[in-house]
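Just one chain is shown here, as structure tokens, and it is the form predicted on its own.
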């Protein structure tokens, strides 16, 4: 008789769900701790932390303002260059960006806690309910933005401030993109993603239409006809297949789908999870899926990555965080096949790997990891059909990314792109910078 998959809901009591998903992964600073941490900053001239920030936040300036209890001024120093400063304070890999560049880190191996200070300032400011940004006089120009994630909303916000009328389209039911659907719940607790969206839209001049997908409800040709410019911030909605046999067995699914379902669940106790979960991949999505599986009650969670820890997309900090949550990480192995009996998933067969001549190859040695559920996180890709198929003038797409000139301009006049759909770092903070830069290019081009 076939072994039955052990996938069930309600593995934990309500207190365990609250502890796992409603408490911040990083404890926020209170006023006293913020002042102490701010006092550690050297307020460097030509500060390396600023150079390391993709959005160019003046970090010494906002930290100095915190040290003088000018929290509002600190928040504005952050939000002016990065309207998603609140989210980035929570999800940015600061240990590889601003904090890695911190002079204190070089001297003491303990950088100033820039991310926590940024969160302190923005959270205190959001509590006031103030809307600090205003629109310029209307220009009469209309801009379409496709994608309501960090790149799209950052671009829309800047365009609205410049006086343009902006319509944002998104295929999903809510705006927010990755921050709403793709980031672990314990990183953005208490509905923060939607609160930030509301703050951004509060500037005015932005209309959001959800449930509108490019290629289904919208066409690029029609948008170009009806608007003065189009900004594509469509991300990478396609999921890469693992490409081995058995991938269609029930119980094998993309990690992004699992995370999106979890983020939108009204009751986590009703969300089924396997007792034995295998996550394939080495990026932040894999880490988030693995930790959340464990926090839903999975007894055994194993991440498997085909290279070593230094090659993982997830930072060392994220890897250690997963291990402290009870996730096991196996390196140097690739999936060979998904195993099942009578439609029931039983495990995954892996082959050990090594690097030969700079390329990864299998060693011939195999092993099996038992599994009731498998979450695949081997990468996402641009779905380019809506922008290339049957278009009068298709966009230039190379290597699965929309080609731009570095300022968001694509191969089509009046069409711009930014975020994960273009070449660059797939980070929220980089997407925000892309949106801001594209907005400035659009404004400059429209004004001649």
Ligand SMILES: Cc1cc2nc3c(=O)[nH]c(=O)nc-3n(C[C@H](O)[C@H](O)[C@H](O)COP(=O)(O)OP(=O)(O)OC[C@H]3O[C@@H](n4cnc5c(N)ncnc54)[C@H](O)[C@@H]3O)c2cc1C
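From a predicted model like this one, the values you see are computed outputs, not experimental measurements. Positions refer to the first chain, counted from 1.
The form predicted in complex with this ligand exists for this protein as well; it is not shown, and the discussion that follows is about that form.
K.L.:
Tell me, out of 162, 262, 242, 91, which residue has a non-hydrogen atom within 4.5 angstroms of this ligand in the predicted complex.
P.N.:
The residue in contact is 91.
K.L.:
To verify the annotation, which of these, 99, 170, 372, 77, has a non-hydrogen atom within 4.5 Å of this ligand in the predicted complex?
P.N.:
Flagged contact: 170.
K.L.:
Closest heavy atom of residue 230 to this ligand in the predicted complex, within 4.5 Å or not?
P.N.:
The answer is no: residue 230 has no heavy atom within 4.5 Å of this ligand.
K.L.:
May I ask you to check whether residue 380 falls inside a 4.5 Å heavy atom distance of this ligand in the predicted complex?
P.N.:
Yes, residue 380 is a contact residue.
K.L.:
Is there any non-hydrogen atom of residue 111 lying within 4.5 Å of this ligand in the predicted complex?
P.N.:
It does not: once this ligand is placed as it appears in the predicted complex, residue 111 has no heavy atom within 4.5 Å of it.
K.L.:
Applying a 4.5 Å heavy atom distance criterion, does residue 82 contact this ligand in the predicted complex?
P.N.:
No.
K.L.:
Which one, 415-423, 39-47, 391-399, 60-68, holds residues whose non-hydrogen atoms are within 4.5 Å of this ligand in the predicted complex?
P.N.:
The contacting stretch is 415-423.
K.L.:
Give, in sequence order, every residue of 285-306 that has a heavy atom within 4.5 Å of this ligand in the predicted complex, or say none if there are no such residues.
P.N.:
Residues within 4.5 Å: 285, 288.
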